Each structure stands twice: as structure tokens, then as C-alpha cells.
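Shown here is one chain on its own, the form predicted alone, set out as C-alpha cells.
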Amino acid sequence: MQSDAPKAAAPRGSLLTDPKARAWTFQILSILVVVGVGWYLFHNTQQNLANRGITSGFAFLDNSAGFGILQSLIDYTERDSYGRVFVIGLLNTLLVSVLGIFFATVLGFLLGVARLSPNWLINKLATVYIEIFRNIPPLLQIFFWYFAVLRAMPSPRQSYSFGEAVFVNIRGVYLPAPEAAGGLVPFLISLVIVIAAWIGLARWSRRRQEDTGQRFPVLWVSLALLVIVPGMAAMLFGKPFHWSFPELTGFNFVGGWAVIPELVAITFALSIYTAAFIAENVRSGILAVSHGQTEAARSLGLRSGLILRLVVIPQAMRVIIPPLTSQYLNLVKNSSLAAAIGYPDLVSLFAGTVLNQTGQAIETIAITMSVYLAISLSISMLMNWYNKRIALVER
């Protein structure tokens, strides 16, 4: 039997018993505590710096540095500011990171595939490499390449020569350097056209293969275009480059590119060290692909190379990318070890020399930490974007 009497409204509880109000209260209190602690630390630091007569702020970036730098990718003189020193240190750090990531990736993928090779000798050589280099600290490997290998090279007059174009001695590696000539702009335009044609050709070939099942030799056609089109541009508009070869003059080489031994040592050490970890990531990614996929591809008549390139690697990349991102981040952070051998990276120049000259430790360290954080976050965002792009999409 149902009652026609109106239902009485449920009694409303207090704010302390309301879960929503309690959650808002705790969040507001947490924000107030964080802001209060931050303000206390900032105010206390400012007060202590003022009491000790230490200047704070970023005005020091406009002051003249007054010291030389061993390697700079942009023009620099001792009269330039600390701000320009920061830019040079940042560029040198990015240079080491990019070179290290490139060489470590190539070497790591080759080693990862070699680790699964049915050839006994190749398999064991890859295993020995991985077990040796991943178990030695990166700083010791940097010292090994710098002090035991590169510092043992001969003087410039007794340099190792490779075709009278490349010279290696205790002061570094000297390479031929291209110098811009009159045909440079048409040459670059022809390269852009070839790259655009390559991308368009690859997309057309993919659609054609999906529709007809027939493959088009995109790689060989693109390589032919890469040789023919820029070659014709050079014939019509003149040479794009003149080559400057290093030449021994007095006690050192003049001309060409000079790669300092510190850069060679840090690039070798970080590439070899990180490649050992990437190889294991590649191996685990390949093993994660179902054996049935390989058998199905083999039953279609595909060769081993095509099976690896078209079937195994694309699926293994979904497993390889997340740990590969961590290895890239480790390599960038390990590049700060370059300061141990005097390579002019961001830590050595800005958090080292500039800090010692200005005494503004908080500003220089904060800027340096922020730069490494920004680089790492950028790499993470890029790799996460790529990982999401190749991930399986459920329909």
C-alpha cells in the first residue's frame, strides 16, 4: 500500500561530512601551503642575499664574459656577454646530444638485430659488446676515450693521414669543409624539390600497393632523383660548394673543419654506452612479435630481409619506443659529464665558469636546470607523439 503523504526532505549534513566539500577544502589548503612555503623560501633567500651583499637578478647576462671558449658554433669573442656564452653552451650541449642520439640509435639497432642472428659468431660478438659496455660507468668510458686513446695520438706533424684529406692527431680530427659558392641556392632548391617528390612518391606507392598489391621501387627511384636533379642544378648554375682542405702550416693545421678531441671522446663514449641499452630494447621488441607473424610472412614467400623490415620491425617499434625514450633522456642528461674533460657544454661554461666569475649561483643553476628540463620534456613529447602515431587503434 502506497502512502500519498509527501516525502520529507533528507536532512542536509554538515560541510565536514560532505565528501565534495571536504575534497575542495583539502585542495585549497594544499595550494595555500605550497604557495606559502614557496614565498617563504623566496623571501628568505632574497633577504639572506641582501644581508651578505650578493647581487641577485639576471642583469649579469649583459656583462662582458672576458674569457675564450675552445669551441663555438656561432661567432664569439672575449668581449661578448654572458648571455652569448649561455647560447654557445646550449648549442654545444645540443650538438653532443644530437650526435649521440643518432649514432647510438644506428649502432643499437644493428646490435639488437645481431643479438638475434642465427650466426653464432655475430650473436656472441654482439652479446660481448653489450655486456662489456653497459656495465662500465659512462664517466670511465669518457676518460678512456679521452686520456687513453685521443691523448695518445701523435703531434700535428706526425698526424695520421687518410687520403691527404682527413688528419687525426692529439689536437683533434681535421676534415674537409664545404664553403658556399654561386650555385648554392639552386642546389638547395633542387634538394627541397627532390625531398618533396620523395614524400609524394612514397604516399602514392603506398596507396598503389594497397589497391593493386604491386610494389614500386620508391627507394631506388628517389636515390636516382637525388643524384640527377641536384647534379643538373650544379651543371646549369655552377658548383654549390668549394672544399677547404686542412693544411699543415707551422705547428698546426689551417682550413677545413677541426673537431676537438673533447667532442670526439664524449660522442664516442655516450654513443657506445647508450647503444648497448638500445640493443637490448630492440632485441626485446623483436622477441615480443608473435612467431606466427614471421611464419605467415615466410609462407607468402617473403625473404628474411623483407620480413624483418616490413613485418617484424614495424610491430616491434610499439614495444621499443617507450624504453628508447628513456635512453634518449639518459643520454642527454649524461652529456653533462662532458665537463669532466673540459668540453665547453652548458654545465662547463655556464654553471661552471660563469658561476665562478659572477657568484650568482641561484640564477645560473636555475637556468641550467631549466634548460635540461626543457630539452628532456621536448624529447618526451616528440617520442610520445610518435608512439601514439604508431600505436594500434581499436575500432
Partner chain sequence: MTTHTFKPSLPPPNMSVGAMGWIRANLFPNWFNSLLTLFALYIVWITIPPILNWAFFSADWIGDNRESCTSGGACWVFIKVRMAQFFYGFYPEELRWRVDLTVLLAIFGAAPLFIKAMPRKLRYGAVFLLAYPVLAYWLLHGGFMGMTLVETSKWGGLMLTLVIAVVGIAGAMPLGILLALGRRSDMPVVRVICVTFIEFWRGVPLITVLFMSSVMLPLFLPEEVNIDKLLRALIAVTLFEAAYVAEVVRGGMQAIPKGQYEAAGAMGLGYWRIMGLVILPQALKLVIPGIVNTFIALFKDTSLVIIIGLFDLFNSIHQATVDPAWLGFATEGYVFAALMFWIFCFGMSRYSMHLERKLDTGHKR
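All of these numbers come straight from a predicted model, not from anything done at the bench. Residue numbers count along the first chain shown, from 1. Definition used throughout: the rigid core is the maximal C-alpha set that superposes within 1.5 Å between two forms.
Only in words, not in the display: the form predicted together with its partner chain, which the text now covers.
With its partner chain left out of view, the stretch that reaches within 4.5 Å of it through heavy atoms in the predicted complex is, among 132-140, 240-248, 221-229, 197-205, 132-140. Although the partner is absent from this view, residue 103 stays clear of its partner chain in the predicted complex, with no non-hydrogen atom inside 4.5 angstroms. Residue contact check for residue 86: none of its heavy atoms lie within 4.5 Å of its partner chain in the predicted complex.
At the 4.5 Å threshold, heavy atoms of residue 369 reach its partner chain in the predicted complex. At least one heavy atom of residue 118 is located within 4.5 Å of its partner chain in the predicted complex. Residue-level contacts in the predicted complex: of 122, 99, 181, 168, one residue has a heavy atom within 4.5 Å of its partner chain, and it is 122. Residues from 141-170 that approach its partner chain in the predicted complex with a non-hydrogen atom closer than or equal to 4.5 Å are 143, 144, 147, 151, in the order they occur in the chain. Comparing the forms between this form and the one not shown on their rigid core, the Cα displacement of residue 44 reaches 2 Å or more.
After superposing the rigid core, the C-alpha of residue 151 moves by 2 Å or more between this form and the one not shown.
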